[in-house]
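Only one chain is included here, represented as structure tokens and corresponding to the form predicted alone.
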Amino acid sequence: MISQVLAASDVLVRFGATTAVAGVDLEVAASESVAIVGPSGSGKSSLMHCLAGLIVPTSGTVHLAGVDLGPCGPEQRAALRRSSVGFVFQFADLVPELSLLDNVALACELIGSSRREAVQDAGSALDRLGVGSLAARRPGQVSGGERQRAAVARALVHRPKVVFADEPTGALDTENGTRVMDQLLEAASEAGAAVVVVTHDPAVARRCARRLEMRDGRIEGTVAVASAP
């Protein structure tokens, strides 16, 4: 059993002449919640994409769910993401033509669950997030907060090791943002999943157990947040 679900060592990411991530070391433990904060252009999103295996670092190593991503090709990284990673995006990014239930079930079907199992697990996940009664509706037929709670259900339904959340409350008002963030952290904790959040919102960052402050591609400080759940 591994104690860390994420481990990055001396990660460097360059895009041409631009250095986006400048030698970052980072470990995230199982069930831990970590917020990555910093000004625009500080490297937050590039670091998250690297940790999730969406981009390959220029140099350095990343281990995700115990797997060294360095030797992995695109198909191997994609398979690992499907099985071990959940994503929550700023605008939910649900498939507009599918119902909320089918959006969530799709995450299970992609890792080999039968349709029956996927629908059952999706319904339970939507119920857990308080939107089970809306399962038959499409994303355009529900509110922004309800869409985002469905996105959280989708991120967690297949029991990932880690959930990456990119500005998960950025498109919501304060009340809905607080509700979504609380539900994300509570549901992830119950599932034993780590949460890594990229955010500009200090209130969101305070909900996490640890806050990493980035500037110019480097982690300049780490703060343990006493008010985290």
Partner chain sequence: MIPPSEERFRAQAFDVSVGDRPLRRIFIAGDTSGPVPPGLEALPGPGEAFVSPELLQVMDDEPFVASFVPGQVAGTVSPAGLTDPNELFAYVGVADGARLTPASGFGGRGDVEGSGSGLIAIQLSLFVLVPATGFLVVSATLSSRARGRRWDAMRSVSVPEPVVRHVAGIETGVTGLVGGVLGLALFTLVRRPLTSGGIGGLRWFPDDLHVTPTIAACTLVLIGGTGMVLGRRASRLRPVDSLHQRESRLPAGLRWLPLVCGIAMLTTIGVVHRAGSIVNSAPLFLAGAFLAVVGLGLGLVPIVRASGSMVAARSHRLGWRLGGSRTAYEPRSVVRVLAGLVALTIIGHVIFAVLTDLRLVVGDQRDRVLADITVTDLTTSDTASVLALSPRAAAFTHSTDRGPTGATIAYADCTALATVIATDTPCRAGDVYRVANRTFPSDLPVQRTYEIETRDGVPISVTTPEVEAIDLVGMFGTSTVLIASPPPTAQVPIDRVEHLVGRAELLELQAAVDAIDPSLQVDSNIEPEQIERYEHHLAIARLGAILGGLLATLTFLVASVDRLLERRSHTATLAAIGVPRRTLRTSQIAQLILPLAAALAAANLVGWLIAQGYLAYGRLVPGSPTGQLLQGIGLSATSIVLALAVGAIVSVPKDIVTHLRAE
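Numbering follows the first chain given and starts at 1. Being a predicted model, the structure only gives us computed values, none of them experimental.
This protein has a second form, the form predicted in complex with the partner chain, left out of what is shown; the following refers to that one.
Taking non-hydrogen atoms only, V95 approaches the partner chain to within 4.5 angstroms in the model of the complex. At least one heavy atom of R115 is located within 4.5 Å of the partner chain in the model of the complex.
The partner chain is not shown here, but in the model of the complex it comes within 4.5 Å of a heavy atom of S46. Residue contact with the partner chain in the model of the complex: Q141 places a heavy atom within 4.5 Å of it.
Just one listed stretch, out of 170-178, 195-203, 50-58, 31-39, contacts the partner chain in the model of the complex at the 4.5 Å heavy atom level, and that stretch is 50-58.
Of all the residues from 50-82, those having a non-hydrogen atom no more than 4.5 Å from the partner chain in the model of the complex are L54, I55, E75, A78, R81, R82.
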